[in-house]
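Just one chain follows, in the form predicted alone, and it is written as structure tokens.
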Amino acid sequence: MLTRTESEQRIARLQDGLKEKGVDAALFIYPIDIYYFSGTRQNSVLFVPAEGKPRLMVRKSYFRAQGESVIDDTRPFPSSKEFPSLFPPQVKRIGFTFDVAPVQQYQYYARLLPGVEFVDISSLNRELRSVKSKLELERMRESGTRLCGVFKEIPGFLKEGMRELDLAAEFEYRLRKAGGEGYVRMRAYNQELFQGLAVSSGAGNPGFFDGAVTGRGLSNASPHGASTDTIQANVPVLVDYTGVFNGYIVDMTRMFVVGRLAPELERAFATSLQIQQHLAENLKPGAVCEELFAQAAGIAESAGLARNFMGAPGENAKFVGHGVGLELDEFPVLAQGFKSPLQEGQTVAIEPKFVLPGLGVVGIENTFAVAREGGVKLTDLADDIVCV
């Protein structure tokens, strides 16, 4: 549960940002943003003035929101005629999250509030949310512990000849039994994800998903994740899953094989571990994201694996780490062009992976918290390849 004190601290930080940008108020319509500030994910709209108390207006369920929301002024959503009267006349510029607001919704609120200028506060909102509080870090640590517990069970059911889909189903069954919520929220447009992927021979298939590994999936309408391909001896098996508990996501990958891996794959995996170690050691406040990405790419190049880094040659993803929290694709991003310095309390999934056509896919992924001494591992399980 979100505490009133923590909600007030988050809103105060938002209000400071609004004042700095000369914005009179913020209007949130995206559910997970509303949850972050209010503690409820019910269908509602959150109004936060740059000065004064916030107001949560609930469409459904007002009954449930009353019990969950820590916003004192939680009320039913007003009629269209009443809505404009709830906004003080001095509110002329309202912040809106253009990154996720459909045009239809923007036009709806623009009609309700004629004369008001809507300005984009997407970056402000994402930057605020990227820095996790002590409570959030505790939740993510718990998510990591539970997800690691499911990964530990894989050697007990991974077998040669089983389908990728069967491996995924066995994993997802246990993840759900462990309390996994399954809601893998992503902010980016045109991205979809069903919890994660368990892939082997189908791992190298390129696809729409903005990551190093996509998998073949089950159809052209669902071209991501496990396929019906069978798991063969001496072929790498990559299991990459999110764990979502109490709303908070961690992301991790481990490697398995029935038998042994080819030397080229073992060398590529060792390079993945080298990159992860370097990035984790340098995951400190002030480190610049694009510089960390360049360093990772440099290690891959020195190993002769630049073409295979973060995807099949020509299909390479342009990052090596991404923020996680209430969404899978939060700030910061360890990517070229992301010039922001890291801040203490941010949480990043570091995932150096290599795709070697004809041989398979290898890599590692763990979720870390940015700290003064370097990254603190939240998915604390041995990184070794597991041979079964």
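All residue numbers refer to positions in the sequence shown, first residue = 1. The model shown is predicted, which means the values in this text are computed figures rather than measured ones.
What follows is about the form predicted together with another copy of the chain, which we do not show.
The three residues K21, R75 and F338 each lack any heavy atom within 4.5 Å of another copy of the chain in the model of the complex. In terms of contact with another copy of the chain in the model of the complex, the residue from R93, R141, R185, K284 that brings a heavy atom within 4.5 Å is R185. Only one of R111, K159, R176, K134 comes within 4.5 Å of another copy of the chain in the model of the complex through a heavy atom, and that residue is R176. Stretch-level contact analysis of 84-92, 256-264, 294-302, 240-248 against another copy of the chain in the model of the complex, using heavy atoms and a 4.5 Å limit, identifies 240-248. Using a 4.5 Å cutoff between non-hydrogen atoms, K60 counts as a contact of another copy of the chain in the model of the complex. In the model of the complex, at least one heavy atom of A168 sits within 4.5 Å of another copy of the chain. Shown alone here, D99 lies within 4.5 Å of another copy of the chain in the model of the complex, counting heavy atoms only. Though the partner is left out of this view, K53 does not reach within 4.5 Å of another copy of the chain in the model of the complex, counting heavy atoms only. Shown without its partner, the chain has Y35, G39, R41, Q42, N43 in segment 35-51 as residues with a non-hydrogen atom within 4.5 angstroms of another copy of the chain in the model of the complex.
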